[in-house]
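Quick heads-up: it's one chain on its own, the form predicted alone, in structure tokens.
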Amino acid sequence: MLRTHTCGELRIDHAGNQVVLTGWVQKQRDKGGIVYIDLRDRYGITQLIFEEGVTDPALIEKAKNVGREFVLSAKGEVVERYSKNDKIPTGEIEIRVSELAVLNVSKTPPFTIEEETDGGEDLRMQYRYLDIRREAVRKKLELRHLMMQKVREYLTGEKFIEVETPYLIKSTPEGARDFIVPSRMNEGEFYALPQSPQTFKQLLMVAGLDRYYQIVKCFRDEDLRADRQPEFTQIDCEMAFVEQEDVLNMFEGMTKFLYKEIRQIELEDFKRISYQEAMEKYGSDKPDLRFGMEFIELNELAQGKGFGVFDSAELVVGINASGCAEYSRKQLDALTDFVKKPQIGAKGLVYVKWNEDKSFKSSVDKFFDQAALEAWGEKMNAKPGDLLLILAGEKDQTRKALNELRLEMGERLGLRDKNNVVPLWVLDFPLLEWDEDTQRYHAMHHPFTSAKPEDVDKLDSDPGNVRANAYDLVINGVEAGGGSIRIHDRELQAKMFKTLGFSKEEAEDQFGFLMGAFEYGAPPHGGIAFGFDRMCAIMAGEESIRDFIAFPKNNSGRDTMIDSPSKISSEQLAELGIDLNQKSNS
């Protein structure tokens, strides 16, 4: 090795030792008679000192000519620092350098490689290899590494077997858009990159590998957000001979294990609510339960009083912002502007202040007297000093808008503390959802999800009210993972495809291999998949997954560092039998 120690491990106990460090120049400070260099590697920062009267003058001159991000090797004695730095672990010592070698020079970086960098996201993504040198990014990749270790430790301990499944598979029409890969050897035919290993893990259950997992890359050609990437990683799991309760217990256990091992947090047993309850109380299938503000419906109390906005609404519903009756008109106007944003979609906001003197002040005083407003307050479990925020309109849209307002209020009131971890299971999702554009049902999760046993008979008579044997794990308002008990019977799977609008021929063409496997003793099975990148972000209390991925794509799905995607040569296209100039026959 070119070094005896890293830049993060030396302490006062090492004083007097001769050491060799290697790393990058974080900073160089020329103080006249003394030159300091902060040398950085993956493990930390150590200060080097070059002092007149002690250090060779030629060495001091050499130190004066190094710049940021130069790669150095420094040999010297560990000495106690005169002015200690309690902000870094090596802050009690420094290296009095006797030999200095420049292993490589560096151009001036396009942004400062420090905790508080001056580089915007686009610039940092273009020079990602420099961005990773920053401690903030490196620690997130170290967390990812630790998460992978601990996931494997837990699942291996529970007798799961890790199996790799193919990346070149068959395109299917359900779900998001596939990334397509042309085949040179089979001209005119294409592979697809997997959106998940769903069918393969079910086949592994048929094969008798009763506990499977894989930390696997998946691909979806869809619009991107901060928590989405075209390629992402899943913790993909499946179990045979299980019911829903077995899966929930197994992976609640895994989540508790990860939090205990990585963040030293002991989680209590997870709450469970139905999809219907989540939508009615929080307007979201991934509610943040770190705080209350449950929705309270006011139709019976608020309608029929001559206020047209309420009288014409399908739903009148509100939340109680406890202790916010002192909000100013400016603050209330800001909340009104918030709910009227196009992405929120409300037409307005009604507020009621329950003042400390027990009087009421509202934006609808013209239509409702004090007794009526007090009845609202009582129904919403309010007290003097509270603020009621009320929306009205079409049911689904109003709940969606109030969910956004609830989260905004939680943020403003400091109730969404990332150190407060509240997981829950959301259960009993609808199996199917109606699509007005295609005039047919689509699977809410995927077409292999089984119905609740007591709802199977409704597939023919009332498919819209069939509940899925499915579950999502939600942590602090973010969906961490989801899964279901699968269909394992060929006839039931065929019925499901029929309900989804597949002809027999289409079902056979797309999924005949799976239905054929079901004829050879398929066991009852179910599983779950966690978004691994997202789990890392949740574990760290962050919203964006990008810094937990070594080389992420931007919002346009581009890797600006290597400039990808890019065009390929006409020779490559010809080999694949692709003519981009050929007019479509459609």
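Owing to the predicted nature of the structure, the values given are computational and were not obtained by experimental measurement. For every residue, the number given is its place in the sequence shown, counted from 1.
Quick note: we don't show the form predicted together with a small molecule, though the next part is all about it.
Sort through 116-124, 411-419, 198-206, 156-164 and report the only stretch with a non-hydrogen atom within 4.5 Å of the small molecule in the model of the complex. Residues of 198-206 come within 4.5 Å of the partner.
Name the single residue among R486, R211, R228, R467 that comes within 4.5 Å of the small molecule in the model of the complex, judging by heavy atoms. In short, R486.
Find the only residue in H445, K256, R134, K140 having a heavy atom within 4.5 Å of the small molecule in the model of the complex. Selected residue: H445.
So in the model of the complex, does any heavy atom of R220 sit within 4.5 Å of the small molecule? R220: yes, in contact with the small molecule in the model of the complex.
I'd like to know if A529 sits close to the small molecule in the model of the complex, meaning any non-hydrogen atom pair within 4.5 angstroms. Within the cut-off, so yes.
With a cut-off of 4.5 Å between heavy atoms, is G482 one of the residues that contacts the small molecule in the model of the complex? Contact with the small molecule, yes.
Applying a 4.5 Å heavy atom distance criterion, does Q234 contact the small molecule in the model of the complex? The answer is yes: Q234 has a heavy atom within 4.5 Å of the small molecule.
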